Each structure stands twice: as structure tokens, then as C-alpha cells.
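Below, in C-alpha cells: the form predicted on its own, a single chain.
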Amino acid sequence: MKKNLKSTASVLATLLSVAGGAMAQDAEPIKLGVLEDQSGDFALATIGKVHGIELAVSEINAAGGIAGRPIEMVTYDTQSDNTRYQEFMRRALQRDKVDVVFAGFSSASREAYRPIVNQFDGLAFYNNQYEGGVCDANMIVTGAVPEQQFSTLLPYMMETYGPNVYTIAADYNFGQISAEWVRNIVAENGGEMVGEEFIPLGVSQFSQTIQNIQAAKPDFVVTLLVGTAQSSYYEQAGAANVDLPMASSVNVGQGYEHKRFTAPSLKDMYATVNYVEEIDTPESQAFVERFRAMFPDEPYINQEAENSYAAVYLYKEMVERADGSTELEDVRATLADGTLCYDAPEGEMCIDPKSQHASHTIYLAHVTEDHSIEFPKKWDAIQPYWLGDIGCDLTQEDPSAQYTPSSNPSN
């Protein structure tokens, strides 16, 4: 293991402030590991996750901590590099002895570190939208999944714009499995896939893809693009006058492309999100105000920032229901009755005991011609039901597996 970490990691082991003497000064801290990409291709979408965690930790510590114990953050910059996730996950669990880890943006990074969490019987929160299917007792997922996003988005788009669909997706497990969900839902709703392409991460030139889309004449394009390089598609498509509606489970809500690119390149993008900063409710407005008070230069508060913030409060509730224990068996037992919930900025989030995934309020975010956001539809309390339907029940058995529509216990 490398000893010189000056350029590879930033370790934060600082106890955030405690107000009003509510917390015993000599209480043993609860160690929260944070492994997130603060540099590299994914950093633009993930630095807000770290800030969301820091905001929640600051609030909780100021209010007396978790069961009277302060939270201590141990933070590593994983640099958008899967090998860093493996290295730092081992370090966090073995050397730092963290009680819980919040880790990962891409699904590839999650699958790189997940066996290590299993090996050391740790607890990891994955606070990212993803392709779904992870049935693992060592993982809690607060991000939205396909049955919450695609099952709402695609029927709306097909009814509004037509049945012919073209998908462009990042070429790794997230994009490939998400595209499988798209194919299945389009077929179930009587539509047709007129094209599908997988784009390697890091690709930023889309001239051939744009020509292929124009030749296929779809009614709309499903964009499942990931990272700074791939987001170049939008301005290139606009310059080529593609002028097709777009649908996404990942764009806008993560990479805030509607803020980064010149209007109208994101015109008529529809994204199903569980949070974006434009949500105009008192709870969301108060969250944005607190967030920007602590991080005034934050360019955008995305759904992953909100997921990460809420996850700290969910973990707090788990530990307090477990009478202050951070042991895996004890905190997992608090999920069993299905009442582990938190009133998040988006609305109530509850953890499903069978899959250990979160329910969500889902908003249909529509990017208008001037790149403002409107919300033509909203779905309340959509459960993460698919894993339970196919036989995942972590209250009974832990397969530590990831399932897909074509490979699962019900097939």
C-alpha cells in the first residue's frame, strides 16, 4: 500500500463543532468514512455529495450528535478511479475502523469496493441513482432505481412524443443494465427501439452518433451519459439541429447540464429525479438556504447531494433505534418493521427492509427552451419494489448479488 498520500487522498479526521454542551466532550466518536470523487471525471457531480454529508454532520453534531456521540468524518478523494476505491475502502475499514462508509458515484466503483465491504462485514451507504438490482445486506441504497425512474418516465414520453426510441448510454454496467430496463419497458408499452449505442467513458466526440440518430428518426432519445466528457453530446447535438426530445434517469439531476450548457441545447430534456434545487417547496427552499449558507460557492445542489444529506440522518435514526450501537446486526435490525424514515427535502424517504433501498418522491423535471425547469408531473412515495418482487429478501437471506431483468431468481 502506498505511504505517500499527498496527491492521492485528503483525509479529514476533524470533529465538527458541538454546540451548547449537548454532547459529552469525552464521548467516543462515531466514525463516518466518506469515499467520493473530489477530482477526476466525476467530480463535478460528486463534490456536492461530500458537502451534503458535511452539512448534515454539522447539524447533527450541533444538536448533540448521535445518541450523545459526535460524528467524526474520515474522508478520502477517490479521484474517479476504481482502484482508489478498493485501496481506501480497505484502509477505512481496517485501519481507520470506521463505523459506516458513504461511498461511490459510478456503479463500476460500487462494484469495485462492494466485495471488500462484504469481506470485512462493514456497512456502506450508496447514495447514488443507479441501474438497480443490488441485493446485499452490507449495502443501503438511498439513490433512485429504475422502477422509480424509468417506469414513470418512459410511458410519459411515449404517450407524449411517440413509440420510437433511441438510447445512447455509457458503456459500463450502469449504462448497459439501464438500457436493458429501457428496452423492456418500451416493449411492454408497445414501442420500438430504433437504435441503441454504448459510449465508452471519456468519449467527447459524437458526430457519428448524431448522424446515426438522425438517420433512425426516433420520436425521442434516451440519454444515459455519465461524466464531464460525455456531456459534450448536448451542445454537439444542438449544433447539428437534432431537435429531438430527450429522456434521462441520470442527466440534469446529477450533472446539472441545463446550468452548464448554453440554451437551448437541453431544450425538451425530461428527467425523473428525486431532487433538484429548483423544487419549490418550503422544505426544499430551507435546505437550499442552509446548504448555501455553509457552501456559498456551490454551483448546484443535485439529487446526490440531497441523498447523501438524508443518508446521514437515516443512519442517525438507525443507531439511535439500536440504543446507540453501531454493530451491523443491531443497526440492520432497526429496518425490519419498515418504519425507518426521514422527512428529506424531497419528501419522506423510507428504507424498504427487504432490499435496503429507499422510497422516493419522483419529480418529472422538464428543461424549457431557456433552460429553466418546470415539473409537469410528480409521483409520491414510489417504493423500490422490484428486488422484493424477484425474491430478494434481506430479512431472510443475503445473496450479496446484483440482479438484472434478464438474470435474477425469478427467471
Partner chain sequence: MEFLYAIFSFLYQFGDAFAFLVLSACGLAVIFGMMGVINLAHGEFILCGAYVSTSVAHMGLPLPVAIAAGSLAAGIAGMIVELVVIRPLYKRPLDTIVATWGISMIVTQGTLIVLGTTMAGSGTPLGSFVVGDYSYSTYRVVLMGMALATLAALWLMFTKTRFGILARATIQVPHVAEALGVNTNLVYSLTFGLGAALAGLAGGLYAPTMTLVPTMGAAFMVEAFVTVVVGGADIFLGTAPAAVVLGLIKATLTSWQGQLAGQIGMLIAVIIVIRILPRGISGKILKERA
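Positions refer to the first chain, counted from 1. Quick caveat: nothing in here was measured; it's all calculated off a predicted structure.
Missing here is the form predicted together with its partner chain; even so, the following discussion is about that form.
Heavy atom to heavy atom, is Tyr126 within 4.5 Å of its partner chain in the model of the complex?
Heavy-atom contact with its partner chain at 4.5 Å: absent for Tyr126.
Hey, in the model of the complex, is Ile47 touching its partner chain, heavy atoms inside 4.5 Å?
So Ile47 counts as contacting its partner chain.
Hey, in the model of the complex, is Thr209 touching its partner chain, heavy atoms inside 4.5 Å?
Thr209: yes, in contact with its partner chain in the model of the complex.
For Gln38, is any heavy atom within 4.5 Å of its partner chain in the model of the complex, or not?
Heavy-atom contact with its partner chain at 4.5 Å: present for Gln38.
Just give me the single entry in Ala43, Ile382, Ile30, Leu55 that has a non-hydrogen atom within 4.5 angstroms of its partner chain in the model of the complex.
Of Ala43, Ile382, Ile30, Leu55, the residue with a heavy atom within 4.5 Å of its partner chain in the model of the complex is Ala43.
Pick from Tyr161, Tyr256, Tyr172, Phe291: which has a non-hydrogen atom within 4.5 Å of its partner chain in the model of the complex?
Looking at Tyr161, Tyr256, Tyr172, Phe291 one by one, just Tyr256 meets the 4.5 Å heavy-atom criterion.
Residues in which of 231-239, 112-120, 89-97, 143-151 have heavy atoms within 4.5 Å of its partner chain in the model of the complex?
Looking at the partner contacts, the answer comes out as 231-239.
Does the trio Ile199, Gly202 and Arg260 actually contact its partner chain in the model of the complex, every residue with a heavy atom within 4.5 Å?
Every residue of the spot touches its partner chain in the model of the complex.
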